[in-house]
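One chain comes next, on its own, written as structure tokens: the form predicted alone.
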Amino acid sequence: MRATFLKFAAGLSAVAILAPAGHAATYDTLTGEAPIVVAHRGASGYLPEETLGSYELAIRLGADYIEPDVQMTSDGHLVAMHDSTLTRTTDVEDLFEQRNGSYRVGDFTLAEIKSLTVNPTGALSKPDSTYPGFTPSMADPYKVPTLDEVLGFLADYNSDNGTSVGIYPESKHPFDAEKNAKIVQSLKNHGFTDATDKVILQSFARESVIDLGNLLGQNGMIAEVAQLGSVRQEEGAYGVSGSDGFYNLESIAQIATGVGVSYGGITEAFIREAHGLGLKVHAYTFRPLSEEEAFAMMTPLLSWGLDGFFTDYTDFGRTVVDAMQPAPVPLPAAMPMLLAGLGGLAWMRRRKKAA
């Protein structure tokens, strides 16, 4: 396992070097960089979730990352879909009969799923799937996209607009080795292979977190990996309860670069302990319905050093983060690279100890 993680581990120092030189760490986050705003299922509060139109709007509203949840069809294709069933977000019941007593994604082919339309479900969405002043750039913006289509759209958008929006795919639990391998291969096929491509993989299943890290190493790719779950404390140690049990932060730090946890359970002490182990902390899911509500919900956690958060309303999240921007402090240009190198060495030592 140690050899498998070499490139993955080495990538952590490269990720840190992405921080611009010449200024000190000015936020209380792990890296000192601004907290990231993750578009949860796209601009899902306004437009049909997990669609290309929704991802495009989220980027225009200021997202740092877009998040596709990944499910697999009956014929082995990866699609962006949060639920294991098609009923909540699509018109599947109008077009098909149930299969095996339900409408599971895994019981339908890609062609069948492509015939569906995704409906808006967000609290501030409109029934006609419109948003003031926004016209999607693609045909059929509210169909279920494949992961390949999401990655192709993002790569083209960044290239055409000079942006560097990242992607934060979730391998939905339970653990599925075939699905994980296809996710990593899809990223590789579309050129998302290096720290500068800003990829964070995530899962509630610890087995998937380990598997994804191994796959990155095997493919010579650099990305971050996050363990999802809820905050818990056992025997005086903080940890995360995922889909397959509780693991303390020290254990998670051996296999991941961060944790994604429900914001209601986060404390300042949890963030401090995670940061002490080199783990970033991302919170899910903020759903404020106004800027005032966004400031009230997000400000306390950001003041504790939260490294990023998922939100259905990218614009509100962007406003809060931008309002908290501190003044830069001069720093010798070599210092960020030195800190990055130390971080990479610390990760490699943890991996060797774990192996």
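As the structure is a prediction and not an experimental result, all values here were calculated from the model. In this text, residue numbers run from 1 along the sequence as written.
If you look for the form predicted in complex with a small molecule, you will not find it shown, but the lines that follow are about it.
At a distance threshold of 4.5 angstroms between non-hydrogen atoms, residue 82 is in contact with the small molecule in the predicted bound form. At the 4.5 Å threshold, heavy atoms of residue 153 stay clear of the small molecule in the predicted bound form, well away from it. The small molecule is not shown here, and in the predicted bound form it never comes within 4.5 Å of any heavy atom of residue 197. Proximity of residue 273 to the small molecule in the predicted bound form falls outside the 4.5 Å heavy atom cutoff. For the candidate set 315, 64, 69, 28, a heavy atom within 4.5 Å of the small molecule in the predicted bound form is found for exactly one residue, namely 69.
Screening 157, 247, 142, 204 for any heavy atom within 4.5 Å of the small molecule in the predicted bound form leaves a single hit, 204. Contact with the small molecule, judged by heavy atoms within 4.5 Å in the predicted bound form, is confined among 125-133, 98-106, 71-79, 279-287 to 279-287.
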